[in-house]
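Given as structure tokens, the chain that follows is alone and in the form predicted on its own.
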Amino acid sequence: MEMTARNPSRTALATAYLRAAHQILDASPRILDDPIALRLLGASAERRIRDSAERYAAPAAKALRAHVVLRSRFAEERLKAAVRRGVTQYVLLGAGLDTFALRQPVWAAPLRIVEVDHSGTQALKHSHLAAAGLGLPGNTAFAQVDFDRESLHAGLVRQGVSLDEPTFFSWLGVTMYLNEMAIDAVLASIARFPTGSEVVLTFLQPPRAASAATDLAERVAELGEPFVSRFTPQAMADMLRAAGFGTVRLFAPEEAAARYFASRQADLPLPRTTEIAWAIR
């Protein structure tokens, strides 16, 4: 199936800059060590970040950066645990400019890694990889799946992804841009994979009042990528169970603070809301 050309996601690029900013603006130990982020963004990235240090130091920017690196760190730790129990594939839904495949640890070598995104964002990543002199590892492939034209299941079949192997899915920073029907369809596709398959996803809660989250919603709408869906934690848990997942958990702010923030200085704010869920078939 030939995919229609699309513009690259501007929020995917902004997310990559947040991960890179964490490497040079925030204290050690970092929540997410990502030495590839700056290299992938190009030679001018560090200068741009440092020139915008005041903007990155704003409370809302720090909160968003903390969330972005927290969700990746948590997903990668869940992936490591999944590999130990026999998961053989890693599918990144809406991969953007994620760098896990480029910095994968030894334990990830047996995995088949599949980065799923639309053609525009994948073309952007290819251009950054080429400019940085970075090649994809042999266990990594790109898969173009346009959810406006086909299901995730059909797209993965078309790309040759094995449906018979236990698989780990990360779905970070995406659900808020999709309607509930599309989210249900993706979860149903994931739930068709064998027992032991897992998904880690993020979601956006309904706004409680005018806040930094409201400001963020306005900014992404201006970029042409408006938020569409929001869920309470209970609603998201119910959706995962309805899709067929037996184990469903919400990653509480208190647990995140204890695991990832307690051992470092307080330069980034603690998470205040539950926005990460994980579920196992």
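The first residue of the shown sequence is 1; numbering continues from there. Keep in mind the model is a prediction, meaning the values are calculated, not measured.
The next section is about a form of this same protein that is not shown, the form predicted together with a small molecule.
A.B. asks: Determine which one of 73-81, 177-185, 193-201, 129-137 lies within 4.5 Å of the small molecule in the predicted bound form, judging by heavy atom distances; exactly one does.
C.D. replies: Contact-bearing stretch, as computed: 177-185.
A.B. asks: Counting non-hydrogen atoms within 4.5 angstroms of the small molecule in the predicted bound form, say which of L156, V87, V114, L172 makes the cut.
C.D. replies: Checked against the cut-off, the match is L172.
A.B. asks: Residue-level contact is defined here as any heavy atom of the residue lying within 4.5 Å of the small molecule in the predicted bound form; does T11 satisfy this criterion?
C.D. replies: Heavy-atom contact with the small molecule at 4.5 Å: present for T11.
A.B. asks: Would you check, heavy atoms only and a 4.5 Å threshold, whether T167 touches the small molecule in the predicted bound form?
C.D. replies: No.
A.B. asks: Quick one: is R6 in contact with the small molecule in the predicted bound form, heavy atoms, 4.5 Å cut-off?
C.D. replies: So R6 counts as contacting the small molecule.
A.B. asks: Find out whether any non-hydrogen atom of A95 is located within 4.5 angstroms of the small molecule in the predicted bound form, and reply yes or no.
C.D. replies: Contact with the small molecule, yes.
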